[in-house]
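Only one chain comes next, encoded as structure tokens, the form predicted alone.
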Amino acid sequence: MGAHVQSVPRKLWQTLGAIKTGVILLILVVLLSAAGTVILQRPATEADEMQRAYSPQVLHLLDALKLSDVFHAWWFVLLLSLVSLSIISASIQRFPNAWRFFSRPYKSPDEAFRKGLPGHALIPIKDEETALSVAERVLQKEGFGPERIVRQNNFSLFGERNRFSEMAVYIVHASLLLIFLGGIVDALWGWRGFIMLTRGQESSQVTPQNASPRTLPFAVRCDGAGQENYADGSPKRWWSDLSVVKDGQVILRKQIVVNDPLVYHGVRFYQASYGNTGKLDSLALTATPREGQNPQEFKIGPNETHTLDADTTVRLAEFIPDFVVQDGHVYARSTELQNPAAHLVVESKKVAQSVDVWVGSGLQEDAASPYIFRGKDVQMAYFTGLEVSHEPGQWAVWAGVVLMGLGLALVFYFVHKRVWAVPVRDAHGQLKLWIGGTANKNKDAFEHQFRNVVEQIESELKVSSPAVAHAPVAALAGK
């Protein structure tokens, strides 16, 4: 019973390290990650857009299954953990054999090995020393770094290239573990939220989706925002001029656009949205004295007061972007900037009481006002929507990506090649040089190189021993 209980964890460990298990788990990760890119995700997508994209029933199902926030779902974290364990298990189970192969290369091929190696050739020779010297010279020229192997009753040559590529698969395994580690850290400790700012506004409060508000150790301020359009009027890009403010000092400034965030202390601010608030930012006016011809231009914002002269001030009391007049009163028809009107309050020592002045198309001014006002330009207030994210695992993800690039380069572009040269006697007692070679991948290209090596050795042996008649090079086995 005890032995059976002990065998269960062992079988689970072996199953977890099986190639089939790892492939299935990786396929699941890829499929669910793809679902996370196809399905709109919270909080990157605003709630109103989610409701427009999906019916209430579908949205409820997506939220219940955590498919609307795949990369923070508990089951995605569990899946990444299982894949990581599978990679660790497979690496541990296979590493001892791989390390023995790497650290103790097989340098002296015996008779059984020579007969079983597909790629080999036999060249008749006169003496062992001359043949080995020629073979050593050719292998050195081909970059195999040959070494002489001395045994009790024979001599041989062994050369190889790129032995390190045998361990490249473990670099790929390590890169995957780093990427998955970063994903797990982000899922457990990372967060995303939004900040909405208008020009001049700053905030240190971020409200993540389904979480309590977070207070950043600094504030971000919007110094400006805008939209560039194509010739047909469609949006080309949004931009925001942001400043990081800490202890009253501006620490960092940057203009951000989509996919080019501001990053400070691991917090990223992405350009997510841009739009009209429906409120006035500033109004440009001209004020002309009734008793003179020297108009002055000025800008004024909501509830701001501007001094026209030593005796007169004007305050912007109200702004209506789209007005209509009914029963002698001015009303707002919509929030769109179509037919603007401004309500000004003029205070002057020349007039006994304040004067209400309406500036707009078709509106008549109060004759008691010492100035005549005309509108020149209207700047509406716009908001910039910033997606804020804290992803503490990104360093691991990017380190894994770089490491994977290195590992894949070693796997695909570096081939482990091995070559042996051994003087042997055939069944008739004739002395021959046995040459064998193998590669762990790209065998067709290696076969061409191996044939070239054999031909060079045979050619140099003929030159060094012209009196000896050589048999043709034996064809590679399997050809």
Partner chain sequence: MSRVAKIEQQPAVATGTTLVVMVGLGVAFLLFMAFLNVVKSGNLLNDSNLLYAALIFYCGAGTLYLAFGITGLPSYIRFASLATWAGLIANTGAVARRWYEAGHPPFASIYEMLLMFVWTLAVLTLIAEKKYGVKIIGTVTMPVAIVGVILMQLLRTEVRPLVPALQSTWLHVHVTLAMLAYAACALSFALAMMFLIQDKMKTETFLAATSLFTVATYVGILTRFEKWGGLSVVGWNPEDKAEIFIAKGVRLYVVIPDLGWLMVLVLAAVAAPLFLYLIWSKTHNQSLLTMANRAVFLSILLQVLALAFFALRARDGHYASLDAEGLFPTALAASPFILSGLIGTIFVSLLYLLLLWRRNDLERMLPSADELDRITYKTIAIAFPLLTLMIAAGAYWANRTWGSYWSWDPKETWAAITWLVYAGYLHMRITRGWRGRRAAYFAIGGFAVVMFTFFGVTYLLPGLHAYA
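Please read all numbers here as calculations on a predicted model, not as lab measurements. Residue numbers count along the first chain shown, from 1. In this text, rigid core is short for the largest set of C-alphas that superpose within 1.5 Å between two forms.
Here the subject shifts to the form predicted together with the partner chain, a form of this protein not shown in this document.
Colleague: Using a 4.5 Å heavy atom cut-off, which of 429 to 437, 56 to 64, 448 to 456, 33 to 41 contacts the partner chain in the predicted complex?
Modeller: Single hit among the candidates: 33 to 41.
Colleague: Could you spot which one of Lys107, Arg237, Arg137, Lys279 gets a heavy atom to within 4.5 Å of the partner chain in the predicted complex?
Modeller: After the contact test, the surviving option is Arg237.
Colleague: Considering non-hydrogen atoms and a 4.5 Å limit, which listed residue (Val258, Leu78, Ile88, Val345) is close to the partner chain in the predicted complex?
Modeller: Answer to the contact question: Val258.
Colleague: Answer yes if any heavy atom of Trp398 is within 4.5 Å of a heavy atom of the partner chain in the predicted complex; otherwise answer no.
Modeller: Heavy-atom contact with the partner chain at 4.5 Å: present for Trp398.
Colleague: Does any part of Asp48 reach within 4.5 Å of the partner chain in the predicted complex? Heavy atoms only, please.
Modeller: Asp48: no, not in contact with the partner chain in the predicted complex.
Colleague: Flag Val23 as yes or no: does it have a non-hydrogen atom within 4.5 angstroms of any non-hydrogen atom of the partner chain in the predicted complex?
Modeller: Yes, contact at 4.5 Å.
Colleague: So in the predicted complex, is the partner chain close enough to Ser243 to count as touching (4.5 Å, heavy atoms)?
Modeller: Ser243 lies outside the contact set for the partner chain.
Colleague: In sequence order, which positions of 396 to 426 have a non-hydrogen atom within 4.5 Å of the partner chain in the predicted complex?
Modeller: Read in sequence order, the residues that approach the partner chain (within 4.5 Å, in the predicted complex) are Val397, Trp398, Val401, Met404, Leu408, Phe412, Tyr413.
Colleague: When the two forms are laid on each other by their rigid core, does Leu181 show a Cα shift of 2 Å or more between the shown form and the other one?
Modeller: The answer is no, as the C-alpha of Leu181 shifts between the shown form and the other one by less than 2 Å after core alignment.
Colleague: Once the two forms are fit on the core, has Ala439 moved its CA by at least 2 Å between the shown form and the other one?
Modeller: Shift of 2 Å or more: no.
Colleague: Taking the rigid core as the reference frame, is the Cα of His72 displaced by 2 Å or more between the shown form and the other one?
Modeller: Yes, His72 moves 2 Å or more.
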